[in-house]
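The form predicted alone is given below as one chain in structure tokens.
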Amino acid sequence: MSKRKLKFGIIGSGSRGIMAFGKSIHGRKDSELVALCDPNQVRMEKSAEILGFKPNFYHSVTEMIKSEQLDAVVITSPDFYHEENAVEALNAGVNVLIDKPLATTVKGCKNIIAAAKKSGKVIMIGFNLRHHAVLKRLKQIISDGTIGRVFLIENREFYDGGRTYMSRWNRLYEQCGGLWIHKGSHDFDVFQWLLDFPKPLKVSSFAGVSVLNPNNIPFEVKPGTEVGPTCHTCIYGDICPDKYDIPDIQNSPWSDEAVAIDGYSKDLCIYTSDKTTHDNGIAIVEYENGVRASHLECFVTPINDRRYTINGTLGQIEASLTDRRITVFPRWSKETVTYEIPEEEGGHGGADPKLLGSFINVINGESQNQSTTEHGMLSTAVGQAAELARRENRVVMIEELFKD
């Protein structure tokens, strides 16, 4: 007998909600997307055109849950709405897949955890990198003891697409908690996952906007002719090497018609936009077991890659997500071992559809939840500490964030 299809709603009809989750849900035989929730009607309509079908539209989470018999919601709204949306869905008895981060503060995470315990429903964090084939193999190598006891781990993320954070809501600390949370929550979680979740003790960080500001516009600005404010209206669009080109923008969810409703433009000039996050930075974490971790983020770069270095008592590992290659260097031997990981279909190197599949399996009782709210809170705690360390120029003790 075939199983009943799970009914999904998506909260937030942006690119992540539609391209990553909406299309994946619609393409599966065990689930169906029945509703979208977004305050912006035009954005939902344009998003439905991308999907190729029209779910029911709602402007509030309360309205959607009241009207639909949902099995689950996927939350892809801006980060500062995660807490509110998750608590409301859980209180209504709906399972939740919440894209990282869990919330923008430890306090917000605690509120979600309390609601989850009360509801008894499944809540999974969208840590899709745990499902990336390269990182899964990397974890296996570490867990097998191939390089002995790990004492040092580093990740350097170079992300050309990250410059567009300065075009979008992600550029504002108030809306994402800072990029150490919005972006770094992925990477801090990977550290913790690879190391079997040691307790983070203290964090320091340095970050800032070194390039993506008005002083570094990469072309000559004519007197009296301003840059921007958006790429699709900018007079310099034909000569700007950093133009954020949204194809057929007026027929997209980011059209002028959609902007007129809520004022949100997705293609603000990355140089002249107001911003309170960073375009590069380094964060350092020390754990209770003595392991030290370093995470670098750079959004002014011509390449896209996450590059890992892990040092253990018996050797060293180098890994690249873009090259899909892992190399193990034994400490007392020149006989290196290299793993070439095959390409997989789907966003984020094949990780996105596997994340969704894992969530559905947990709802159906076919597997255990491996991305828990406690894991999400740990990741947010490190990110929040890194933001405080940067902004207050000090080392932040993680325990500070858990004091009532």
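Residues carry their position along the shown sequence, with the first being 1. Please read these numbers as outputs of a predicted model, since none were measured by experiment.
This next part talks about the form predicted in complex with a small molecule, which is not shown.
Comment: the small molecule is not present in this chain, but in the predicted complex one of D160, D262, D305, D256 has a heavy atom within 4.5 Å of it, namely D262.
Though the partner is left out of this view, I11 does reach within 4.5 Å of the small molecule in the predicted complex, counting heavy atoms only. In the predicted complex, at least one heavy atom of H82 sits within 4.5 Å of the small molecule. Proximity of T372 to the small molecule in the predicted complex falls outside the 4.5 Å heavy atom cutoff. Using a 4.5 angstroms limit between non-hydrogen atoms, P101 touches the small molecule in the predicted complex.
The chain is drawn here without the small molecule; in the predicted complex, the stretch among 32-40, 363-371, 48-56, 331-339 whose residues come within 4.5 Å of it by any heavy atom is 32-40.
In contrast to the form presented, in the predicted complex the C-alpha positions of R163 and W254 draw closer by 3 Å or more.
Between this form and the other one, the CA-CA gap for R163 and N393 widens by 3 Å or more, being larger in the predicted complex.
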